[in-house]
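First comes one chain, alone, set out as structure tokens in the form predicted on its own.
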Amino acid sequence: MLYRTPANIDLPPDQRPSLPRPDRVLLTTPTYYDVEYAINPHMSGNVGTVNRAAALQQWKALRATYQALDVSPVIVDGQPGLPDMVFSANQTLPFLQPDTNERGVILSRMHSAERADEVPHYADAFEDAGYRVEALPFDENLTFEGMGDAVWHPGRFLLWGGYGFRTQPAAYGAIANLLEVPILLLELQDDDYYHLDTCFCPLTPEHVLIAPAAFNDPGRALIDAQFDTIIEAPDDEARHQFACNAHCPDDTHVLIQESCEHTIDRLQRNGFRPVTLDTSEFLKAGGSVFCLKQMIW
């Protein structure tokens, strides 16, 4: 159930079991957000530069945008000593089993020791909410960073799995077994794009926004085979303004960092309605819209 090239894919996405779009968004308060260390290239030079008051206002604007789009927020409180906990896409992989409608999450095993203690807080929150909480089989060398690297194909029970910097391919074998889900593997080869969500943004079942420089030829072939329309973000906007760390919750609106002017124009020309947001304080840590939220059922 793991695929690296189009040649061995037996079913196209539209023949996979359908999966409803999640209708709630988990957000984590940025009370303790800061850049206190450098675990990706974007953090270098930004230690101690975060304006927390500005970050809070940017986070509130993101929350209000989801509310305006009828996506209900679920709030988790940030914790002292965990400055990256605000990036709530990374600690879990939420899922909905299409045959039973059972809701659950697979817990991450963070690559960086600085972020490992974030995961139990999310495990507790999901367990309290009645979700099935799954841990990966123990292997001290196995790492997995949730929806930073594992991204659902919109509308389908089909998962995209990035690897190369934070997540190891073996994690996807365990996930495929747990969920009985096919996974399309994309190797990342540029550490500016250290997570899949920094360079790959599925918008609809047929449309995807990507940063081409992040992928090798087999990965690009997989993407070409599964989407009808591929929108390429300019490299400077993808690399420095996180254009692909956007989010489309409803097949129409695309929440995106406001400075990505060329990407915004390309989205509009493909029929999308960009909703621009200022995430400049969070760019300092290497994240934008997609990193700041976790969509849940």
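Numbers for residues come from their place in the sequence shown, where the first is 1. As the structure is a prediction and not an experimental result, all values here were calculated from the model.
The following text describes the form predicted together with arginine (ARG), which does not appear among the structures shown.
By the criterion of a heavy atom within 4.5 Å, T198 is counted among the residues contacting arginine (ARG) in the model of the complex. Put simply, F87 is close to arginine (ARG) in the model of the complex: some heavy atom of it is within 4.5 Å.
Although the partner is absent here, L27 sits far enough away that none of its heavy atoms falls within 4.5 Å of arginine (ARG) in the model of the complex.
In the model of the complex, at least one heavy atom of I39 sits within 4.5 Å of arginine (ARG). Note on contacts: among M43, L255, L267, V50, the single residue with a heavy atom within 4.5 Å of arginine (ARG) in the model of the complex is M43.
Contact with arginine (ARG) in the model of the complex, defined as a heavy atom within 4.5 Å, holds for exactly one of P202, G219, G161, G148, namely G148. Within 4.5 Å of arginine (ARG) in the model of the complex, a heavy atom is found for not a single one of S108, W152 and H247. Stretch 79-87 is the contacting one of 179-187, 123-131, 207-215, 79-87, since its residues have non-hydrogen atoms within 4.5 Å of arginine (ARG) in the model of the complex. Contacts of stretch 272-297 with arginine (ARG) in the model of the complex, defined by any heavy atom lying within 4.5 Å, are made by A285, G286, G287, C291, listed in sequence order.
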